[in-house]
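Only one chain comes next, encoded as structure tokens, the form predicted on its own.
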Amino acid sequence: MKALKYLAAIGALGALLAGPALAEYPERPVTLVIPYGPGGATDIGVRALSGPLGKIMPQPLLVVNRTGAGGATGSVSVANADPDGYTMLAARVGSHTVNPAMKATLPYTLDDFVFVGVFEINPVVCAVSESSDIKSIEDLVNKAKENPGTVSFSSSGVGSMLQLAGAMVLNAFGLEDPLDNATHIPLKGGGEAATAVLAGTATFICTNSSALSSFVANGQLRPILVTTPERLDGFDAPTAAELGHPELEQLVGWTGIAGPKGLPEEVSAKWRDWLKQATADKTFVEQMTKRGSVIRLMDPEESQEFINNQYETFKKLVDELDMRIEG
């Protein structure tokens, strides 16, 4: 009996000692990986969020860009990291719904991540250079039909939402085989993709409103389509529904925070609390709203359901447009 009591006491002491160790997370800086380049929708949203997050978190938050493979390079680096909460991911529509839907050999699955919460949803805007002779989606598609291969669209990489969006919009408005009759230009991030249109190396881009807002506000890019149900403030362009294609409203971007599979619940709980506070920050909300984003924090269950639905939606589109990448 004495031995049993002794073991029980040791166990209780161990539990007491373990408790504070978990409660001390984070004990060192936390790295948040953005799987896309600077200037894109993911980078803009996450760096805006890092402002209020930095004031809340007890340790520094190190935001880093790890680009490549349409978001796969940065994503897999987090999937392979220790599930201790010190390497987290800014997951995005491209990396976690379009990529899995398009790429048969993607080095990760949705099951390799624990989602803390989706916090941002933003619509898609299609735009051309302000100096372009293209004034509408009709002009764009007619040019592509009359001169196959001369119309190009830029994206943040093969398997990105930008690639799917460009092809889907062209297809919806009557361009058959859009990947054959228009040229896809994959780049390292949404910022580079937008700059390519500005520089004239790409004809148009379809990407999230947050990535284009400054170009539009400065009179550098001209929006010709938005995927919101109603017209979008700051973007003088017709909606897809106005032009007879309400199905394009399913083209939206999102950003969320995720950790590797096995992330402790204690760590997830702290991130949920941090996100709740950060996404309520007035300056952050105003900043992102001006860019056309909707800031709404989803809990882990709602986030997972939303992401799964997005995956099924894009998988169907990939099959319809024959965009599946097997290699």
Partner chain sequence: MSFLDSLSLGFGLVAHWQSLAALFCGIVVGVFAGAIPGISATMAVALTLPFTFALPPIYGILLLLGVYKGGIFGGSIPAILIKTPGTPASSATVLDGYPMAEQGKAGKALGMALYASCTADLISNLALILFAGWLASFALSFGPPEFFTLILFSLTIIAGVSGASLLKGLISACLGLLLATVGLDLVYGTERFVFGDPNLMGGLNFIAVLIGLFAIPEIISFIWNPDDSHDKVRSLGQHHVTFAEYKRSFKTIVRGSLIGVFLGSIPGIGAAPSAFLSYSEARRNSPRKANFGKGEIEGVAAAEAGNNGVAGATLIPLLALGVPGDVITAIIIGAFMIHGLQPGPMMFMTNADIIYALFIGLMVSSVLLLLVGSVAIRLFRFIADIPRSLLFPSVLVLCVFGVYAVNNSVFDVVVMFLMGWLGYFMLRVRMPAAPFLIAFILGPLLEDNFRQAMLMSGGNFEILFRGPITWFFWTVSVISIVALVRNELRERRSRFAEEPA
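This is a predicted model, so every value here is computed, not measured. Numbering follows the first chain given and starts at 1.
Heads up, the form predicted in complex with its partner chain isn't pictured, but that's what we're talking about next.
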Touches its partner chain in the predicted bound form: residue 263 (any heavy atom, 4.5 Å): no
Residue 268: touches its partner chain in the predicted bound form, heavy atom cutoff 4.5 angstroms: no
Examine residue 72 and determine whether its closest non-hydrogen atom to its partner chain in the predicted bound form is within 4.5 angstroms. yes
Does any part of residue 64 reach within 4.5 Å of its partner chain in the predicted bound form? Heavy atoms only, please. yes
Location of its partner chain contact in the predicted bound form, chosen stretch of 164-172, 209-217, 136-144, 240-248 [non-hydrogen atom, 4.5 Å]: 209-217
Can you pick the one in 232, 185, 81, 121 that has a heavy atom within 4.5 Å of its partner chain in the predicted bound form? 185
